[in-house]
Every structure is written in C-alpha cells, then in structure tokens.
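Given next, in structure tokens, is a single chain: the form predicted on its own.
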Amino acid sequence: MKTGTKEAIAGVVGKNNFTDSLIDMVSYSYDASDHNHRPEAAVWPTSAEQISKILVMANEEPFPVIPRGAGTGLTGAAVPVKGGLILDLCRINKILDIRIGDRLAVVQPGVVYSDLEKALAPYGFFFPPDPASGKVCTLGGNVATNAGGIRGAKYGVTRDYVLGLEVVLPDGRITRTGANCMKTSSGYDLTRIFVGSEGTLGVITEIILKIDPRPTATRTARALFPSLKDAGQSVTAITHSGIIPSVLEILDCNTIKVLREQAGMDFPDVEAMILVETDGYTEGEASFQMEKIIEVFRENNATGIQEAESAAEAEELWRARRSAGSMAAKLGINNVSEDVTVPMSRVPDLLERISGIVAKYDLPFVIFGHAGDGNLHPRIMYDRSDPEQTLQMEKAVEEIFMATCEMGGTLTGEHGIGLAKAPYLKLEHDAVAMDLMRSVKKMLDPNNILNPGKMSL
C-alpha cells in the first residue's frame, strides 16, 4: 500500500480513525484461530459512505480490504492473509430501532450481541442464536459467519433471523436487500447471499433482524449414558416424540473425564452425558416437555438423571457444559476446535468415528456439541511448536472432515470456512457448486479486493 494511499484513507476517516502503528498491526494480525498475518494499516470507519470511498480507492490501486468485527472467529476469516487494510467496524455500533409491533430490530454491525439482548430484555423479547462468544462478538460478525449456538435445536442460526441488510459492494456502491417484513418473495434472495459470506462479497453496514418473545419458563435436566448408542437413540427418540427442546447438548467420555479430573466434578465413568432444556410461556408447558424427555431417557438406559428444581441447580448443571472448553484447554498448549455437523440421526456414528480418528494420532481430545441439530465440536489439543504434533493434528482434522462429508454432513455448522477449512471445501461441494461460488465472487468483486484468500475464492 502506497504512502499516498494511506494518507488518502486517513483523509476519508480522519486521522484519529486511522493507524499503521506496529502495535496495532500485531493486534490485527490474528483472530481466535491459529492463523496470523499482519496488515499494512487499519481504519475505524463511522459510516457506509466512508467505506464506499475506501473501496473505490482499493480497486484503483488495488489493495486488499478485510472487514473485521470483534475477532472472535475460529477459522481465520478476519486474518489479513494478503496484507492490506483492516476495516474495523466496531465504531458503527448503534441500535437504530426496536420495533416490537413489527418483531424486528435494526442494528449496525458493531453492536455486541449481548448489548442487543440487554436492550430487548425490557420488552420481553430476545435474539435467539446465542453464540458462545455473545458477550464480546458483534452482530456484523454473526451475520458474516452465520453464527449459531446452543439454542440452535429449536431456534436455528443467524440466517433464520436476518430480514434485510445494507451492504457496501466491492466497487463502492451501496445497496439494500430484503425487507422490513416477516416475509417477501420479491426478486432473488440477495440477503442470503451475503449472510455467511465472511466479508468476501460486501461490507455489511446495517442489519434488520427478526426478534422473538422470550419464553418465561424453563426446565433443565441432565442424564448419563453407559454407551454412545443409548445417548444417540435418546436424541432420535426425543425428535420422534414431537418435543423440540430449546437446548440439547452432548458430552463424550473424554469431556466427562476432563471435567472430573480438571474441574473436580463428581461424575462416574460413563460414555456420554446429555444436557437438556425445555422452555415455554408457562411452567406447565416447560415441565410437560421435560417429563416426556425424561421418559425417553429412562427408556434408553440413562442413569444419574437429575432435573433442576431451582435456577441455582440449573446453573450448576450447565456449569459442566460451560467448563468443557476451558478445562480441555489445560491438556495442551494449543488447540483446534471444529464444528462439523451431520444429520441428527448420525450423531452417535460421528462421535465414534471422531474418537477413533483422533485416538490413533495420540493427541488429547474431547468432543461436545449440539446434539439437537447435529453440530459437534471436536477439540484437539497439541503443541504448535512441535512440527510432528502439528502434522498429526492436521491429518486428524482432514480425516474428520472426510468422515463428516461421507455421512452427508457439512464442514461447518456455525464457525464458517475462513482459512482453516478453505482447502477442504471441495469435500462438500461439487465442481459445479464451486464454479458458481467463484462466479458470484468474480461478478461482485472482479479485482478480488474483499477478504482475499478466504473460502478458496
């Protein structure tokens, strides 16, 4: 990037919103993944118009532009692998409107997920996707990666709530997609093209989100299982029962062992644990659903069934799930956390396949995740400074991806592709689909300035 270009960019956003200092470049060189590369400069724009001017300049020189939220992504999607300019959207961060009568909120991309939740709470509404990093992640990043969380079993992911967008296209044009309505069949669904596109097709500057009334009653329970088969059959039976739990989480035997040994939790030696939550608008509704689920647990050889009788007891049951990642991290200096997803009926099969794959490479690992929508999080611990361990980890991850796709699954349920999974995209998508994706990218971004190197595009 030329010196004159940097001066021109600073002129657009103001000197206080531009930096090329070394300490800032190091800070912007990584996200929550194991990838890193320094940019040449970074800006904090405050409007779509400023972003438009920057993208026009980027096409003229050209230089890469990488949109960034809070940097909580796990696949390297915000890492400036080709250098260039970081476009930090944290200062475009207003909640523009909350329209309860229309069941929607209008927000800017820099709004933190939990801040929207706090703003909706007085109205008795919420935004359901609930990513694990909700206290720090931004809604723009949620849209860019199609983020999800533990409520996915019942409430879905970010894509299910995005009604419309304001987007700055790679050539600097500003457009709006979607509608301020609960439904529209007008033209192509351009909104969905940008949701999950990881900043490769446009820069999101405004988001119209559908919001839901918050259930006022919940019930929580835990069950232990002597085999993965029994746990898997329970998940399938719950689906057949007609009950859709708000949360349905599974933890494998390695996770249970880690919680016992690292966190001092009093768990027996079992093969799996399921944590479940039901919700509704009356205690009777939530309790009825939970009774049906506990019946299913008993029919499938569950032991140690425990239903919370208070909010404090429910919090204690959930402590196991919330502690799983941090406790597992103690087993290795570095870790890779995947989010492969299969049809729900294949969850026990995938658990067994992942266990067998990673065990043969002699690396510590745990598996937990969202059984209610088939989304598992195998976490493998290793030492990045050891080339042999790094190679073993990479081999294990590739085999996990292959096994997942063989089962009709997907490489990612909520984390996105980024850099980490780009080499494996062809395992899931055929040549025609890959060609279509590249064609869309080339049509919108012929100079490849927006987040180049991501998703193999």
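The first residue of the sequence shown is number 1, and the count goes up from there. All of these numbers come straight from a predicted model, not from anything done at the bench.
In what follows, reference is made to the form predicted in complex with a further copy of the same chain, a form of this protein that is not presented.
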- Note: a further copy of the same chain not shown here; in the predicted bound form, the stretch from 267-275, 165-173, 381-389, 317-325 having heavy atoms within 4.5 Å of it is 165-173
- Evaluate residue 341 for contact with a further copy of the same chain in the predicted bound form, applying a 4.5 angstroms cut-off between non-hydrogen atoms, and reply yes or no. yes
- Query: Does residue 194 make contact with a further copy of the same chain in the predicted bound form, using a 4.5 Å heavy atom cut-off?
  - Reply: yes
- Message: Would you classify residue 356 as touching a further copy of the same chain in the predicted bound form, given a 4.5 Å non-hydrogen atom cut-off?
- Response: no
- Item | Contact label in the predicted bound form: residue 364 to a further copy of the same chain, heavy atom within 4.5 Å | no
- Given that a further copy of the same chain is left out here, which of 146, 218, 300, 335 has a heavy atom within 4.5 Å of it in the predicted bound form? 146
- Item | Of 261, 117, 349, 189, the one that lies within 4.5 Å of a further copy of the same chain in the predicted bound form (heavy atoms) | 189
- Is every one of 103, 345 and 410 within 4.5 Å of a further copy of the same chain in the predicted bound form, counting heavy atoms? yes
- Going by heavy atoms, what in 285-311 lies within 4.5 angstroms of a further copy of the same chain in the predicted bound form? 285, 288, 289
